[in-house]
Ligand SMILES: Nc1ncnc2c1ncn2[C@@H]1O[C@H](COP(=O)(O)OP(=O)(O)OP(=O)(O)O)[C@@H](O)[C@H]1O
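Given next, in structure tokens, is a single chain: the form predicted on its own.
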């Protein structure tokens, strides 16, 4: 009997230092603790550190073994972590040029991830808006964005989400159609592409209702989540909710704020000791926040149909 498809959660941030690897590792820890077979994949190529978060100092195998065809399948580079139900595919020991995968290598990796059988697969993605990062975000119809309360981090996460939006439009439309659409939108509003990307959808629906409906349906299949990390007492608890409202207003994308995670100096200690934060400090506010984020995610999954975005 064929096993059910894995639920894939890409996790990324618009810039480095937002704590996406910390969030990914500890979310995987919580899922595994609840009995879910969970796989972490470090796709932060060129800056991989997820293995340290989950307590594996020197992974014996990595993604480069698969990308460079030293092994035939991703299963061959899976490493067990100290926690039952939690496995890892590390991005450590990769060459610097791994950060710029060729299209063929990227597609092979995407297909390989889609064939893996776990309850949950968490992808720790590189920061920024490179095509590699965006395409891994689009492997599933859901994903988790991590940001901090700083204005620079919020600006960067908006750019990343907007880049995913544009990439999806490119996927649905042919190159010529997209260029024609962009030109028409700019005629109506010179700032449409930069500040009003939602105008693209409106123009598309007017120019070609059939393609417009297809595009709206495709964008509507996404359901993204946002976690606000490293929150301090002086920061507004409503920042994450406000970001989601802005995204939903200006882009045809659903966004859910899954929670705030308080800043804690002891995160540094856990990383230095190469142990999961939740293992060392299970009763801190940050640990409670992480558990609440996991609870919200699982509550949504219990009612949402499992759908995979077509590439």
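All of these numbers come straight from a predicted model, not from anything done at the bench. Numbering follows the first chain given and starts at 1.
If you look for the form predicted together with the named molecule, you will not find it shown, but the lines that follow are about it.
Out of the listed residues 127, 139, 77, 173, 127 is the one that sits within 4.5 Å of the named molecule in the predicted complex by at least one heavy atom.
Between the options 39, 63, 31, 261, the residue in contact with the named molecule in the predicted complex by a heavy atom within 4.5 angstroms is 261. For residue 9, no non-hydrogen atom is located within 4.5 Å of the named molecule in the predicted complex, even though that partner is not displayed. Within 4.5 Å of some heavy atom of the named molecule in the predicted complex lies at least one heavy atom of residue 229. By the criterion of a heavy atom within 4.5 Å, residue 267 is counted among the residues contacting the named molecule in the predicted complex. Under a 4.5 angstroms non-hydrogen atom cutoff, the named molecule in the predicted complex lacks residue 275 among its neighbouring residues. Highlighted residues 19, 22 and 271: every one comes within 4.5 Å of the named molecule in the predicted complex, counting any heavy atom.
With the partner omitted here, the stretch from 209-217, 82-90, 153-161, 229-237 that lies within 4.5 Å of the named molecule by heavy atoms in the predicted complex is 229-237.
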